[in-house]
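Below you will find one chain, with nothing else, as structure tokens; this is the form predicted alone, and questions on how it binds or moves follow later.
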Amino acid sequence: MSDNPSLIFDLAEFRQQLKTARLGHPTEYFPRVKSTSDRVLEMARRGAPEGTLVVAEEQTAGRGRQGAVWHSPPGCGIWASVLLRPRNVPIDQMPPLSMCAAYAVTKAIEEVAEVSSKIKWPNDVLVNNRKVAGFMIETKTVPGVTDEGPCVILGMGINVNQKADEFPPELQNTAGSLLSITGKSVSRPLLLQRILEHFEPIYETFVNSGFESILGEIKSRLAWRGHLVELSDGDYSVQGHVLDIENDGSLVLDTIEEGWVVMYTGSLRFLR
């Protein structure tokens, strides 16, 4: 946990500096919650507008994909969720939205931390092959507000100022933070501000023109392209080289045993 007072999350300054039309308006801050996504859902049920953001200093039960728990200690990361209502986007076309968020985060990281980052399919961000950010999309039905479009909660966890030895042993070989990788502390409010400012036009493009209109930029930042990986999805596992991302967000692998394989879900592990 950072003991640098200049890195404390200053909500008033964040609200004042944020330059978005909708995302982050309003923003609610909590010292400690089980899950920021759960808080956003509670607010959505009370009629909260699109763009509502919940930020927490600590999560005790932060969720990742496929039931994973996101390590969310106090004072060193961005643990946040934002309420979206993407009108005219079918629910089955929603999963690539997490890659759109990852794209925004790579742009913000490169601007604020001055380090290159990559998008790991389907919903992570890597710096130096270490996972520094992850995203989860949850689509919910909220009675009384269905006329405003589906209720979509985008949860994000971003490792910012953890030291390398502060990660649990099971994560120390794969996870990293901007501090542990670059050696430089980063202002969390500034980074979150830049993420939202980059994500807002990307999100609007996704809603109005579809995922394929952003796909070229995402492909240019795709991690492990041309490298051998192992993809696991439940009991199914396959090894292959990362080839491409399709217009629907699926991943194309070139495998030895099965030829080209198109995957819609799963987890990747780098081999070589």
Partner chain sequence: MGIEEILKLIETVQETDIQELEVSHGDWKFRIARMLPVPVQAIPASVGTAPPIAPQAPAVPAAGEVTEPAATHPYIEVVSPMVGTFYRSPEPGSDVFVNENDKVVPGQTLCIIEAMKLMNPIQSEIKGRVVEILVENAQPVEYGQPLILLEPV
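Remember, it's a predicted structure, so these values are computed and weren't measured experimentally. Positions refer to the first chain, counted from 1.
Omitted here: the form predicted in complex with its partner chain. The next part is about that form.
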122, 141 and 236 all contacting its partner chain in the predicted bound form, non-hydrogen atom within 4.5 Å: yes
175, 191, 136, 181 - the one with a heavy atom within 4.5 Å of its partner chain in the predicted bound form: 136
Contact of residue 258 with its partner chain in the predicted bound form (heavy atom, 4.5 Å): yes
Interface membership of residue 73, its partner chain in the predicted bound form, 4.5 Å heavy atom rule: no
Contact label in the predicted bound form: residue 21 to its partner chain, heavy atom within 4.5 Å: no
Contact flag, residue 246 vs its partner chain in the predicted bound form, heavy atom cut 4.5 Å: yes
Options 167 to 175, 114 to 122, 192 to 200, 75 to 83; stretch whose heavy atom lies within 4.5 Å of its partner chain in the predicted bound form: 114 to 122
Sequence-ordered residues of 91 to 124 touching its partner chain in the predicted bound form, heavy atom within 4.5 Å: 91, 92, 94, 95, 96, 98, 99, 121, 122, 123
